[in-house]
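First, one chain by itself in structure tokens, the form predicted on its own.
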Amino acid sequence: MGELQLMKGNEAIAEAAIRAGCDAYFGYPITPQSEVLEYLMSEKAYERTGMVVLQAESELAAINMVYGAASTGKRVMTSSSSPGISLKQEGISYMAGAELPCLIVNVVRGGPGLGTIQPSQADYFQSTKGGGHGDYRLLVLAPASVQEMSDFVKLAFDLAFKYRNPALILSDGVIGQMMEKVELFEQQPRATTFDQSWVTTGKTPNRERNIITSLNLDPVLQEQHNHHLQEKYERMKAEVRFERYHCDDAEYLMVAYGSSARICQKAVLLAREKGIRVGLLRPITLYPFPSEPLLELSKQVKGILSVEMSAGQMIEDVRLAVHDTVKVEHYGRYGGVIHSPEEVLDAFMKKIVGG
């Protein structure tokens, strides 16, 4: 068993970054994720491992620092919350176009606009559909516990380098601020086992210097590059991850991720106490989305409730996955309000069972 600690979700991400061999963090404080930067500073990440930790002058500066460091093949990351991630979108699109691996953390808060500092899941579209310009995708992981906040840092770095693509951990203010027991993994070396032939190490005796850019003024070459990217995004679908909860005998299904999935676990148990066989499918990767497992489950159930802390965003992917062969409805609280298990069950009874 590894080292056990009681930690906030944001602290777990920061500690995991140090232990995952992260070379540099560039960020800017914004509630409810400021503890990531604060923890890295207070834990003296540079003294522990040589990790560079810098509060940039703005979110725009931070993401462009990530771009520069990522082009050298280093493990680099940034974190922010919803409005800050919006400011980073141009840089994220540049990095996707230049095929640069990095880790981005979004601890989502309520919006739109500056909104509130309370938790939300209303950044699903932005995260999974390419929130910036152009046709691109991010690898998106959705933790539902403080333990997963830690574990997904190493996983995200591995996937980012495997596919040369930015990876995003999509959390929210509930998971970021809550405290749970975490089993920390051992300190990892900085060396990466993935191909590094593309990095900007300058001209060598064996090859010309590498040039990293997302700019290509030749439309034919740009189209070829886009075909290459789309083929890569298809390969990413092999990384789909999900969790089933009481699905073997389920006659109805809830679909939820992150903190909503935790709430739905209790709602499932409350429903089963009433003799209603409900299961839960929890997407762990939001891109790639677990469409095929959801389609298979849809063949055995009478209805599906998509539960989100938003006005309804993931429900579009749920409906696409099941091809409209079964009733799919949405229930959510938004703007920073968190639903209770009882509210979820009440909505399920009205929208799915009694509908």
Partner chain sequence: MNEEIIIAGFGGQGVLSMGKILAYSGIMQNMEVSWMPSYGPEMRGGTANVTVILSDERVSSPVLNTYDTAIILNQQSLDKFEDKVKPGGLLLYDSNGITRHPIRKDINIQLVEAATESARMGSTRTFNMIVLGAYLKTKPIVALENVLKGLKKSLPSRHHHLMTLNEEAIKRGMDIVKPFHP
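Positions refer to the first chain, counted from 1. Computed from a predicted model, the values in this text were never measured in an experiment.
What comes next is about the form predicted together with its partner chain, which does not appear here.
Proximity of Q89, L159 and R235 to its partner chain in the predicted bound form is absent: no residue of the three has a non-hydrogen atom within 4.5 angstroms. Residues with any non-hydrogen atom within 4.5 angstroms of its partner chain in the predicted bound form fall in just one of 239-247, 206-214, 95-103, 150-158: 239-247. In the predicted bound form, its partner chain sits beyond 4.5 Å of every heavy atom of L184. Its partner chain is not drawn, but in the predicted bound form it has a heavy atom within 4.5 Å of Q265. Contact annotation: V199 falls outside 4.5 Å of its partner chain in the predicted bound form, judged by heavy atom distances. Using a 4.5 angstroms limit between non-hydrogen atoms, P32 touches its partner chain in the predicted bound form. Put simply, of Q177, T285, S71, S127 only one has a heavy atom within 4.5 Å of its partner chain in the predicted bound form, and it is Q177. A heavy atom within 4.5 Å of its partner chain in the predicted bound form is found for one listed residue only; from T192, Q118, Q222, Q188, this is Q118. Contacts with its partner chain in the predicted bound form, taken as any heavy atom within 4.5 Å, map within 317-348 to I338, S340, P341, E342.
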